[in-house]
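Have a look below at one chain only, the form predicted on its own, in structure tokens format.
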Amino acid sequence: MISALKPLRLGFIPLMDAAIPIVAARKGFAAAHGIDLRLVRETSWANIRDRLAIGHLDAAHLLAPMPVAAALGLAPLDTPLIAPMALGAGGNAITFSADLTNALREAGIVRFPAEPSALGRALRAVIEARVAARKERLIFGVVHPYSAHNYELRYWLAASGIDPDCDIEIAILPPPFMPDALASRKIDGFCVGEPWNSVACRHSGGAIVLTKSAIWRASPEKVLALREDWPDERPGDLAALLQAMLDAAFWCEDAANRTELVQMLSASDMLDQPPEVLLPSLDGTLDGPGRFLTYATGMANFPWKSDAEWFLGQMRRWGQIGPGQGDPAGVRAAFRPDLLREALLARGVSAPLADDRPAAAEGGAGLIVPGTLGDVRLPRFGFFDAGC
């Protein structure tokens, strides 16, 4: 019997993809594994990253590219981080102001969320018309320079013939500030995780125009982040935390728990939003070509090393590091599928033997890959334009 729980402080941002650590704490999964999981709500990703680095936090719900940025020395405090687990797949959307969505309707888009290629062509036409009329550039918000939001927005814009560094402006704002920034006309749109798209639609007259699953199916978003010394210095804590997080992930994935989940997340010290605002990301309302937000199925918790390397490529593409900078081996070391594989094996769950995603999983229901305890089925994944 566990006589005393080990206190562990975990920072999170109020988002639907913070559900796994929230449920681990509130449903008692962490306590069952000997952990007193103490949740610390923050507003900005920079705060969480810095508090994790200096020891104010033991663990964090963190943007997936941030451990990559830390490995490249791009964080202000020299503290290497690891990501032994992804906290689901998907969960983001792009929301535009009423004025911009009306302009897109005039350019031929009849319903939202839209198909990414058609929406991109329409947005390019709107931008060209604004240039001809000598109007100011559109401003789109993202949550951090080293975020999947920034890279997927830029990827979609560039694939649509829009230069994200010249044709528009990109501003950095914490997720909860996005709806008010849109309502006050400080920005024209944003890419953010739920529930802040739905909040903006309710209170700011915006519209969700595109989902992350339409841009990049089954893609990583947030990770469980720890300081690099955990596997050597705190192996028991690491094993217990991963089991608690997996308990919570499978619980969140079960549709039978959906009502209780949104009630739990709606609490004033959690996301502080009504359950009806949280539900669309879970009930299929926002689903695009793939699931809008997945907590566990399809290896949604697996931290693929190839995803870390893709983020490195985007950092080079957009000038955050020089063309020859960045050691791929060091970047890949920040994502630790070996640790999750071990945790899943302890549960009797098969996990992929490979550390990288397969080259493609575009056809049918996805792809079957070799696993530790038998074959593993992966969902369809990849980009809307079949790029990389």
Partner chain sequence: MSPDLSILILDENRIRAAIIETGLREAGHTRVSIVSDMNGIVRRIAETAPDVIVIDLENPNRDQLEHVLQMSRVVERPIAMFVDRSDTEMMASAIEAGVSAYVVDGLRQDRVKPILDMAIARFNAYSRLKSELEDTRRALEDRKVIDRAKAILIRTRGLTEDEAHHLLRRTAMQQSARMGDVARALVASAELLLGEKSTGDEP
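Predicted, not measured: the structure shown is a model, and the values here were computed from it. Positions refer to the first chain, counted from 1.
From this point on, the text means the form predicted in complex with its partner chain, which you will not see here.
- Remark: P145 counts among the residues lining its partner chain in the predicted complex, judged by a heavy atom distance of 4.5 Å or less.
- Its partner chain in the predicted complex is approached by R51, whose closest heavy atom lies within 4.5 angstroms of it.
- Contact annotation: P280 falls outside 4.5 Å of its partner chain in the predicted complex, judged by heavy atom distances.
- Contact check for F29: every heavy atom lies farther than 4.5 Å from its partner chain in the predicted complex.
- Among M270, A107, I172, A98, the residue placing a heavy atom within 4.5 Å of its partner chain in the predicted complex is I172.
- Checked against its partner chain in the predicted complex, the residues K186, R111, K135, H203 give one hit for a heavy atom within 4.5 Å, which is K186.
- Partner contacts here mean any heavy atom within 4.5 Å of its partner chain in the predicted complex, and among 331-339, 43-51, 345-353, 30-38 they occur only in 43-51.
- Residues G73, A75, P76, L77, D78 are the ones in 59-96 with at least one heavy atom within 4.5 Å of its partner chain in the predicted complex, listed in sequence order.
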